[in-house]
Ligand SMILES: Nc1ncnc2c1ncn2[C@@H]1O[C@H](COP(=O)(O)OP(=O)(O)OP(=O)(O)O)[C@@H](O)[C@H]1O
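As structure tokens, one chain now follows by itself in the form predicted on its own.
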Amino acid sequence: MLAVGIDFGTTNSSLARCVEGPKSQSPAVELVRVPSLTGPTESYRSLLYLEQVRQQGKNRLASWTGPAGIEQYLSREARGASGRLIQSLKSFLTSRMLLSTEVFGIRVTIEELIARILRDLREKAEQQFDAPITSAVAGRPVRFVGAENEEDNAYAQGRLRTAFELAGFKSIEFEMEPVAAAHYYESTLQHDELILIGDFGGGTSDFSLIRVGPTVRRRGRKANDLLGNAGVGIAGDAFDAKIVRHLVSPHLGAGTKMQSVDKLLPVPGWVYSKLERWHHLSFLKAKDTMNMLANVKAQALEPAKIEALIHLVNEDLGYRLHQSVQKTKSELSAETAARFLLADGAIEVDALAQRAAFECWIGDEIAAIETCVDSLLRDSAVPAAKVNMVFLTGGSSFVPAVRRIFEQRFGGERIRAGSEFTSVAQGLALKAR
């Protein structure tokens, strides 16, 4: 039976297996590669695109995930189709209020939606590896988005296990994502180290202090090799939200007024809070919300901005918005300024973002991550000077303000990075072996 490692992420997912070589060599890790509009990729977008189709007199949901979902979504107008794009499903797992949703009149659970992504990823892996896959080691964050205690974490993991089972997996073992990244990092070492792993995903930032190296590999990993774990429900999506709040929402009516009889009232702010959160964006298309927005537009002092908001929601432009935000954030990691551009129909946002301003916007999030790192060192009774190396992985590890947290505590010479989007999956594959 082929066992694989699966990193089901808030934004991206990846799957890998170990390939045995000569006994004198460490096993190689092979990642699943899937075609996309920009060429083969090892990073599978954790999104789901749904359309309603009529078959044998009944309505059913047709679904596409990852790169295929993006292609179907982008071609929907040319095909005369209407669908719904759903992102960041992993962020719903702790919610006891949102267990299911209605899509084109069909009720589906969050676990069923996640299972569609996992099933597609499993089937693509089976095609590439030419072997059936029913067993996996899956990653999980130290702290799921929205979790306030271990009961919430256990509840979220239970829902994730159900999704894996619905996707056709019969045997699932979970491993902390930063510990999985440590397995990957350890495979590159020829000496022992005490390392701090920082794994920055879309929804969570997770940290582990762990001993790694040849000695550990020879004798086998022991429980006391892991000195501590810590996590916070803040990461890339929280940074993205601040870009939406400061650069996008003002162009869509945030902070404007509406005339209600003889009073001036603010345009409802809760809509813009939903706009900032990828996993809530698709739910704004509900009939009652669209009716409310039409009424707001009729009373708004700046109706063109509300029309732009309606256009974004009605045309399901969440992916376009996400791409523009990601591009801006990436450029701000390399440059001191970046241009944000989003133009489609009634929407026209063209703004200059400064890195200094962006770092002010995410100041509270950076402080929360700092507090998490410091508490891990304190609770583990490990001074920063005793940490041999820091390994950072995940997309938000590129953000300069994030890297400074570790440079200030450990020095730039002790920071390593690599395989930012696949290191967790590779480590999970090594664990599966």
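Position 1 is the first residue in the sequence shown; the rest follow in order. Bear in mind the structure is a predicted one, so any value in this text is a computation, not a measurement.
Only in words, not in the display: the form predicted in complex with this ligand, which the text now covers.
Of the candidate stretches 329 to 337, 348 to 356, 298 to 306, 260 to 268, only 329 to 337 has residues whose heavy atoms lie within 4.5 Å of this ligand in the predicted bound form. Under a 4.5 angstroms non-hydrogen atom cutoff, this ligand in the predicted bound form lacks A401 among its neighbouring residues. None of the heavy atoms of S208 is located within 4.5 Å of this ligand in the predicted bound form.
Among residues of the shown chain, S396 is one whose heavy atoms approach this ligand to within 4.5 Å in the predicted bound form.
Taking non-hydrogen atoms only, H183 never approaches this ligand to within 4.5 angstroms in the predicted bound form. Along 200 to 232, residues F200, G201, G202, G203, T204 each place a heavy atom within 4.5 Å of this ligand in the predicted bound form.
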